[in-house]
Ligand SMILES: Nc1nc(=O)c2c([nH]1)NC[C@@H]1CN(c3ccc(C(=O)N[C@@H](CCC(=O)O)C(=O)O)cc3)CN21
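We begin with a single chain expressed as structure tokens, specifically the form predicted on its own.
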Amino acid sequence: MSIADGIFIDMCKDILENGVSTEGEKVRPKWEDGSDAYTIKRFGVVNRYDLSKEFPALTLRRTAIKSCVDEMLWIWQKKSNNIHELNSHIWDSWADETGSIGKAYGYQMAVKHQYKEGLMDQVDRVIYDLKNNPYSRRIMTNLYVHQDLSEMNLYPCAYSVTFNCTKEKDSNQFTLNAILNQRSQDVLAANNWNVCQYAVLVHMLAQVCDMKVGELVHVIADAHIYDRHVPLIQELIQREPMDAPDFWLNPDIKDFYEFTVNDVRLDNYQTGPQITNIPIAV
């Protein structure tokens, strides 16, 4: 079975068996009917994915790879905070009448900062350092900008990525690793979505910087399963996992800003049935 399925199953079992319930407590999220959305939560979940061994897409149910890549590129490549530049509707609940989600996500990526090497935004700084300073321990992005939080329609969940390069003995090529830090995650709705997004990002950056892919480490401060998701999760983790899909990234693309969703593909991707109409707390 795929390694990613095993990681997901173990995480969900741990949350259900050892997590803490927020039922009856004061919580912010609400269901569409206005009732409180309670969770079973686990603090400090850390999952490691070796991207050199497999692409970590779940087979228990299908992850829509083109849609999740589209959202990742919306943030990292388009550096946009307007849903009119996004092809899915996942951000509709947090957008204003103009389509803006405020000074969040892509907005922060587009802000230019003065460095001694010149004026760059966060994405360009990452690419510059990967190409010029691969052993730097300062290659990271941060979307959690306190001075702008009041103007964000949703505080960033996946808020920081730290990149780290290693080189195997007798190798002339660097290996690119990354840590994704997430303050909060709805495990059913978003876990594998985020994992696949940042796995693709590592593959893309490795390719344009002439590196190999290494590990993606996913750190989740508050990993939770909503009360109305519990039976869905229980059914999902009882399914039989299948083999991991084959990942394809267009090898002709050498500029990060030239990638499109059509340059990413999962071949031989066999999965269990999709779970539809997942209730989302806002």
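Heads up: residue numbers just count along the shown sequence, starting at 1. Please read all numbers here as calculations on a predicted model, not as lab measurements.
Just so you know, the form predicted in complex with the ligand exists too; it's not on screen, but the next bit is about it.
Colleague: Does any heavy atom of I7 come within 4.5 Å of a heavy atom of the ligand in the predicted bound form?
Modeller: I7: no contact with the ligand in the predicted bound form.
Colleague: Is Y107 close enough to the ligand in the predicted bound form to count, meaning some heavy atom within 4.5 Å?
Modeller: Output for Y107 is no: heavy atoms all beyond 4.5 Å of the ligand.
Colleague: Does Y49 reach the ligand in the predicted bound form if we count a contact as any heavy atom within 4.5 Å?
Modeller: The answer is no: Y49 has no heavy atom within 4.5 Å of the ligand.
Colleague: Tell me, yes or no, whether Y226 is in contact with the ligand in the predicted bound form, where a contact means a heavy atom of each within 4.5 Å.
Modeller: Result yes; Y226 sits at the interface with the ligand in the predicted bound form.
Colleague: Taking S67, L154 and I275 as the candidate spot, are all three within 4.5 angstroms of the ligand in the predicted bound form by heavy atoms?
Modeller: Yes, because S67, L154 and I275 each have a heavy atom that approaches the ligand to within 4.5 Å in the predicted bound form.
Colleague: Within 4.5 Å of the ligand in the predicted bound form, counting heavy atoms only, one of 203-211, 167-175, 186-194, 120-128 shows up; tell me which.
Modeller: Of the stretches listed, the one contacting the partner is 186-194.
Colleague: So which bits of 74-91 sit within 4.5 Å of the ligand in the predicted bound form, heavy atoms only?
Modeller: Stretch hits, in order: S88, I90, W91.
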